[in-house]
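Have a look below at one chain only, the form predicted alone, in structure tokens format.
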Amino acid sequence: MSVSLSTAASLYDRVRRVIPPIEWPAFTGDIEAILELKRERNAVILAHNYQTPEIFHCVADIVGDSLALARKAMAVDADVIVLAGVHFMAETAKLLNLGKTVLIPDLGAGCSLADSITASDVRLMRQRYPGVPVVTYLNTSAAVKAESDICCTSGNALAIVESLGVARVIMLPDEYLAKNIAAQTKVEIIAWKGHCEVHERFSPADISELRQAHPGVTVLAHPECPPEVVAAADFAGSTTAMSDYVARHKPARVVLMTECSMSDNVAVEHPDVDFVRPCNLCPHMKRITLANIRAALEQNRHVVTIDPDVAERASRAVERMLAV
């Protein structure tokens, strides 16, 4: 490989606070191979905030939450996009780049929220509530997006709901996100019963225990958490909003009530902040590894495809969101 050892060394300087020295040699071969393969194939890697640091900080070209990845995917100047995240994110990248090859390193990288609802479920909701617009979380399949009026993320859900200028909306599929948004608006929100298997496990008792064990800790919660968890936190917001909060306020000690790797990735940028890490892992995000990113680029696997009719309708819902 043409990548020098000094490149690997400089990358380790970036992540040494979150990756022990004894673990680093296990990553360097794949990192160097991936960097070379990206050049050879004119490829970019998009990585979600829940990816592990050796992916997020060492091979990714574009990083962020679902909204950031969707926005930035529109401007990707590459032939190949590798999505280091879960399947609905890869589909979203494909919707915004229909002429490009989009790869997901592991087809098993799914999402409990995406799996909680189908396109037929959305059609049934429309029959039950005729004329009520459907706002669908980005954490859904392309088929579900295609049945929707507009998409949203945890970062822009309130703005999307209020942009429609209606008295009530159907908001799918995350029940807790819908309830948390409902608490901030006069718009009536009809929710679905989907939950994130990472965020639904947090409880107010967890926050009480953290405050007792770490006096003065600042608690930041994701809006996919139950409403009582959001109410007990000091701040609630998307992964990007949590990261921005840390950057802006520089709390001496902070806990992020979200997926484990998020804390590691934010900690890299803020060495003076003490991160308490309650560890709820996303098993789907953790299916993405350096090894299968490398294999995806070497073997052109697994190519994301979407039925053209579904893609056209789903793209409209995503593009309407991006226009708000």
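Start at 1 with the first residue shown and count on from there. Remember, it's a predicted structure, so these values are computed and weren't measured experimentally.
Only in words, not in the display: the form predicted in complex with 1,3-dihydroxyacetonephosphate, which the text now covers.
J.: Can any non-hydrogen atom of Tyr245 be found within 4.5 angstroms of 1,3-dihydroxyacetonephosphate in the predicted complex?
T.: Tyr245: no contact with 1,3-dihydroxyacetonephosphate in the predicted complex.
J.: Give a yes or no for His222: in the predicted complex, does one of its heavy atoms lie within 4.5 Å of a heavy atom belonging to 1,3-dihydroxyacetonephosphate?
T.: Yes, His222 sits close enough to 1,3-dihydroxyacetonephosphate in the predicted complex that at least one of its heavy atoms falls within 4.5 Å.
J.: Does Lys94 reach 1,3-dihydroxyacetonephosphate in the predicted complex if we count a contact as any heavy atom within 4.5 Å?
T.: Result no; Lys94 lies far from 1,3-dihydroxyacetonephosphate in the predicted complex.
J.: Does 1,3-dihydroxyacetonephosphate come within 4.5 Å of any heavy atom of Glu54 in the predicted complex?
T.: It does not: once 1,3-dihydroxyacetonephosphate is placed as it appears in the predicted complex, Glu54 has no heavy atom within 4.5 Å of it.
J.: Looking at 1,3-dihydroxyacetonephosphate in the predicted complex, is some heavy atom of each of Met89, Asn139 and His199 within 4.5 Å of it?
T.: Yes, the whole trio is in contact, each within 4.5 Å by some heavy atom.
J.: Where does 1,3-dihydroxyacetonephosphate sit in the predicted complex: which of 123-131, 75-83, 249-257, 222-230, heavy atoms within 4.5 Å?
T.: Correct option: 222-230.
J.: Quick one: of Ser238, Asn180, Ser116, Thr218, which gets a non-hydrogen atom within 4.5 angstroms of 1,3-dihydroxyacetonephosphate in the predicted complex?
T.: After the contact test, the surviving option is Ser238.
J.: Within 4.5 Å of 1,3-dihydroxyacetonephosphate in the predicted complex, which residues of 264-281 have a heavy atom? Give them in sequence order, or say none.
T.: Stretch hits: zero.
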